[in-house]
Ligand SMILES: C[S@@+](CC[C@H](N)C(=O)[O-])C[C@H]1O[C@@H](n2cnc3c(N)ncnc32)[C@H](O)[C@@H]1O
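Below you will find one chain, with nothing else, as structure tokens; this is the form predicted on its own, and questions on how it binds or moves follow later.
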């Protein structure tokens, strides 16, 4: 058994919290616990139940390196190469966005819509990135078939691995291309739902984001053009052509974009039952629109 260094888990937790907090890392306490859990291979409650357990030399060295990277504002998810989404442990790299809690609402709504349908359910996931939406939808909607697209080959590699990890690789098909350009025309008019978390941040706002986002996450997956609506406009204008009559478009949007996005859906003349769904923080976050029959 490797000899301890004299530094206990409790002392290490306090030290990491102090360093992260001093560097301005958000939610430093939660981050410190998350880091120690990974380094020690422990669950959260074990950090406190076994607070006197001494770190080994390798653990202490590994901890120092992780803290150094986190103080430089590299996200913990990239440091450890994993993120959680609807109970799924997903692989993440700097080629994809880190899945956010608000994006889980897209899958929530998709599951609700699917509950009203019969037979095989076909879905499209645009800008799939890590594949979090596509994989979770396939996992939670029995018998569904998901067509997931991204312009990035590197992102698709990550998404394929996540589909394999979740055991749904046989029901998620991946395509490389720009939005609907990734798909064959044979898919037109055949899809029950279209889901998307597209780039929607106005280009000028990118530099104001937290360092974890603007310095580490892929810019092409964040920027939605001058007003943040470039991709959203394209999706609204083209989605109806792939949906069956009554099919549903579910799309995430940014803070303050709800009126513009709803207006785009209404002015297209292709949708009905248009609504905006709020996220956990009461921010208008998701467009839900049905294709007119």
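Positions refer to the first chain, counted from 1. Everything numeric here is computed off the predicted structure, so don't read it as measured data.
The same protein has a further form, the form predicted in complex with the ligand, not shown here; the description that follows concerns it.
- With the ligand left out of view, the stretch that reaches within 4.5 Å of it through heavy atoms in the predicted bound form is, among 73-81, 208-216, 184-192, 147-155, 147-155.
- Residue in contact with the ligand in the predicted bound form (any heavy atom within 4.5 Å), chosen from 202, 105, 114, 179: 179.
- Proximity to the ligand in the predicted bound form, taken as a non-hydrogen atom within 4.5 angstroms, holds for one residue of 121, 168, 88, 97, which is 97.
- Looking at residue 141, you'd find every heavy atom of it more than 4.5 angstroms from the ligand in the predicted bound form.
- Residue contact check for residue 135: none of its heavy atoms lie within 4.5 Å of the ligand in the predicted bound form.
- Using a 4.5 angstroms limit between non-hydrogen atoms, residue 197 touches the ligand in the predicted bound form.
- In the predicted bound form, no heavy atom of residue 159 sits within 4.5 Å of the ligand.
- For the marked spot (13, 34 and 48), a heavy atom within 4.5 Å of the ligand in the predicted bound form is absent from each of the three residues.
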